[in-house]
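The chain that follows stands alone, in the form predicted on its own, written as structure tokens.
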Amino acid sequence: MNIWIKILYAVISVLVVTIYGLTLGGIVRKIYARVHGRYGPSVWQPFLDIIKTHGKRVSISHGYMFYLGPIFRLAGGLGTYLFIPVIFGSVVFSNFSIAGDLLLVMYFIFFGQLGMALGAGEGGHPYSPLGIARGLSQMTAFEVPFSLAVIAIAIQYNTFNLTTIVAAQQGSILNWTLFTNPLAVVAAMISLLGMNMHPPFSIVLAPQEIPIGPPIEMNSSFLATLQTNRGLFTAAKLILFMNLFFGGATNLPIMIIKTFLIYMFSVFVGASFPRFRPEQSMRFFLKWPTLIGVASIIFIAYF
């Protein structure tokens, strides 16, 4: 295929999934509001926020790295998404999955988080190191069970290629990793709670404790970049989990249904439990999910 056509398809794919991710964010805000007994913002509020922040300008400077933080964050979201096949067998929504594998996708997940941490550190806010320590510590903790689940999948399918993994799950619902290696799915889904940072793992911003973070320190187009990435990165993670554990998707409606249900798992837990303290969160991820991840490797390697 002509490289320019491939790039055009990738741009279309990114736009569609970003709109979907932002819509998901608006729906979740509405759900949380109703759980709290409030009416809540409109579903399209994330789009209005991006338009508003893009229209603002700022003359404050904190150094180059502070403003590169959102760029690195967006690069992490784009890199994660562009190497994932969104719809199995689709030309438009295959992205550049043939050029990368699961290890590259995991690197981009980490890259965005690290870039944002470097940007926050450049801001000079006295509480920035606290937010960085919380975020990177929790990320390291939930990456352990997720990495173990990925190792189990690599052993099971004998590949890191995402398209091959999705292809191996076609034909029957019983071919999904959910049924062939349920322990890996449990470990990874618990890790997803930390990735999405809904309660009880919303320890990074913790608005009731620390009145800081990107929504306050960043502004104008820099905040709009972070808000855009929030929609894209959320959708990318959901599509990744759909491909790894739930058989992927062969059309757009199936993709929307599966990713919506995966996301509602995080939302349900977030609406049901209060936030952990940082040490409770680290201890949690390094205990039961890690043990389940180890068990998933033993299960698939020997049974």
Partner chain sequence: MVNPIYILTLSLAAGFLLTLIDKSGRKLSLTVFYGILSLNVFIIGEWFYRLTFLNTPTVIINTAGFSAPLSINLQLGMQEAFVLLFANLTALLSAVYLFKKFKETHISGLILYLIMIVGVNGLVMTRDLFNMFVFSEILSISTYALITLTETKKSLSAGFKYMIAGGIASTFFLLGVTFIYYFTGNLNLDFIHLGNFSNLGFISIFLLAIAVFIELKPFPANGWALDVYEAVDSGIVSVIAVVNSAAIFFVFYKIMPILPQNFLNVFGIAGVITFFFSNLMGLKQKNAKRLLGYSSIGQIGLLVASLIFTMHLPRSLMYLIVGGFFFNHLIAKAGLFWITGIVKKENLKDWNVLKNNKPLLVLFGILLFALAGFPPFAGFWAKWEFVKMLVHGKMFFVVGTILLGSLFEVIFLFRWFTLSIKGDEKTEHKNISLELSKMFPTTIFAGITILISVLIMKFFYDFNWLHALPVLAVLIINVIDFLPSKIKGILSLAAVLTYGYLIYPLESNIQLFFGIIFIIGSAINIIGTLNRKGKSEGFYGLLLMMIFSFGNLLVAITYLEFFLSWEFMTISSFLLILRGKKAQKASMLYLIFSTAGAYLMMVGFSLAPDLVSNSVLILSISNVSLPIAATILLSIGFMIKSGSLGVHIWLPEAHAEAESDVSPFISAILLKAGVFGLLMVGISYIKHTPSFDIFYWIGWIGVLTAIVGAFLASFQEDAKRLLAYSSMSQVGYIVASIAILSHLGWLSAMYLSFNHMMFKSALFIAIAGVYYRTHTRTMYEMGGLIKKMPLSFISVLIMIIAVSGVPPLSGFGAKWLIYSSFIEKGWYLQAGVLFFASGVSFLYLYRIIHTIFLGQLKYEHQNVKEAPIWFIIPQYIFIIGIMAISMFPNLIIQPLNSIAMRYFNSSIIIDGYTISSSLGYWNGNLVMYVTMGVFVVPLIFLMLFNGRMQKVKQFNIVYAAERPESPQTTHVAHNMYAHYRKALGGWGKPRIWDFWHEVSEWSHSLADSIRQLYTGNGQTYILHIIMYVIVIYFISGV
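Residue numbers count along the first chain shown, from 1. Here the structure is a predicted model, which is why all the values come from computation and not from measurement.
Below: the form predicted in complex with its partner chain, not depicted.
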According to a 4.5 angstroms non-hydrogen atom cut-off, is residue 174 in contact with its partner chain in the model of the complex? no
Exercise: residue 64 in contact with its partner chain in the model of the complex, heavy atom 4.5 Å: yes
Test of understanding: in the model of the complex, would residue 231 fall inside 4.5 Å of its partner chain by heavy atoms? no
Contact flag, residue 43 vs its partner chain in the model of the complex, heavy atom cut 4.5 Å: no
Do all of 96, 124 and 160 end up near its partner chain in the model of the complex, with near meaning a heavy atom within 4.5 Å? yes
Consider the chain as shown here, without its partner, and state which of 154, 205, 178, 197 has a heavy atom within 4.5 Å of its partner chain in the model of the complex. 154
Need the contact residues for 68 to 102: heavy atom within 4.5 Å of its partner chain in the model of the complex, sequence order, or none if there are none. 68, 71, 72, 74, 75, 78, 79, 82, 83, 96, 97, 98, 99, 100, 101
